[in-house]
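Just the one chain here, the form predicted alone, laid out as structure tokens.
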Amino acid sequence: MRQTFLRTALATVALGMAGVLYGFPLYWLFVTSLKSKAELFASSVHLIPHNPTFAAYTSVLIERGFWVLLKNSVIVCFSTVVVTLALGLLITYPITRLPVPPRLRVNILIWALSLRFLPPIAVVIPYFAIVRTLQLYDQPIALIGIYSLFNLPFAIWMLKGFLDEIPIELEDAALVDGASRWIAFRRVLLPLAAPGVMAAGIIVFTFAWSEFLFALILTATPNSQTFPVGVQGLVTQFEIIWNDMAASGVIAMALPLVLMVIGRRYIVAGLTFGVIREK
């Protein structure tokens, strides 16, 4: 009993310390965004702002016009999720539900992995040349295409795991009852795979939301730039605008966190899908 109590106490202390180490930077980011410039550069440090103000958020979204960049990020990321999941289901459905040769299945999965073998910095210049040739430079569609391409391997492998766990007999029963392949997919398979699809979509959205390199290289004007590109512009040659950067950081974290909270049961169900198997 005593050993169990000590283990529980040590685990609680360790988790508490990990929570503080993880949560304090986020708290400090939020507190910094609420400080005025005078308080920000004061000689003493305060954990709680004396005169909280939302001036930094107004400065970022209205005066600097970052609401346009925020809108661009939302459009690009949601479009990336739609395209990635559509292509991912289009590829994973045949290799998991149809009698394709095993060699073809393995080659498709290896091809998907090969798309992520090289780091983005190694392929950004070729992609830049392709985008310029296609006259898509400074266009959101270029970012949507590249983001979808880079997130497709993750979607393929994640969706494959989900679809493999759904008994194929359910679709066979629908086909026997007269349903077409499309109807069986839409009304039988897709609802059962919804937790996995939602989990994959939220994670793909998060990856696309935080991408910076391609957005920096392939865009030039606020009409197509994403929010991370605007944030780096707050580091100037002469100063770093700390409270505006903190406000931008809070805004950048807000949407992914909201999606994680709203879809947390889908993420948990999706990431644990198929963990318990019958023997």
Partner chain sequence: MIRSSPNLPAPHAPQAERAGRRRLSRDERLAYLLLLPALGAVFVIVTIPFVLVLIQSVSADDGTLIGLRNYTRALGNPLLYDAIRATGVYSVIVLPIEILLGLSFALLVHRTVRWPGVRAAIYVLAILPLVVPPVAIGVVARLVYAPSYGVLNVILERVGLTHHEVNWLGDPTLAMLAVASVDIWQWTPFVYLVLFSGLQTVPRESVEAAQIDGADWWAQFRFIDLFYLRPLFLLIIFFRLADVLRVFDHVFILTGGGPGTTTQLLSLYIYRVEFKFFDSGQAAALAVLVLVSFSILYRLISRALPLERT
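Residue numbers count along the first chain shown, from 1. Basically, rigid core = biggest C-alpha set you can superpose within 1.5 Å across the two forms. None of these values were measured; they are calculated from a predicted model.
One more form of this protein should be noted, the form predicted together with its partner chain, which is absent from this view; the next part is about it.
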* Within a 4.5 Å heavy atom cut-off, is Q135 in contact with its partner chain in the model of the complex? -> no
* Heavy atom of L216 within 4.5 Å of its partner chain in the model of the complex -> yes
* Tell me, yes or no, whether L61 is in contact with its partner chain in the model of the complex, where a contact means a heavy atom of each within 4.5 Å. => no
* Any non-hydrogen atom of A55 within 4.5 angstroms of its partner chain in the model of the complex -> no
* Within 4.5 Å of its partner chain in the model of the complex, all of G65, K71 and L192 (non-hydrogen atom) -> no
* The unique member of I168, L87, V188, I75 whose heavy atoms fall within 4.5 Å of its partner chain in the model of the complex -> L87
* To do: Scan 218 to 249 and note down the residues that get a heavy atom within 4.5 Å of its partner chain in the model of the complex; none is a fine answer too.
  => P228, V231, Q232, V235, I240, W242, M245, A246, G249
* Asked: Taking the rigid core as reference, does T236 move its C-alpha 2 Å or further between this form and the one not shown?
  -> yes
* Asked: Closer or farther apart in the model of the complex, the C-alpha atoms of N223 and Q237, for a change of 3 Å or more?
  -> closer
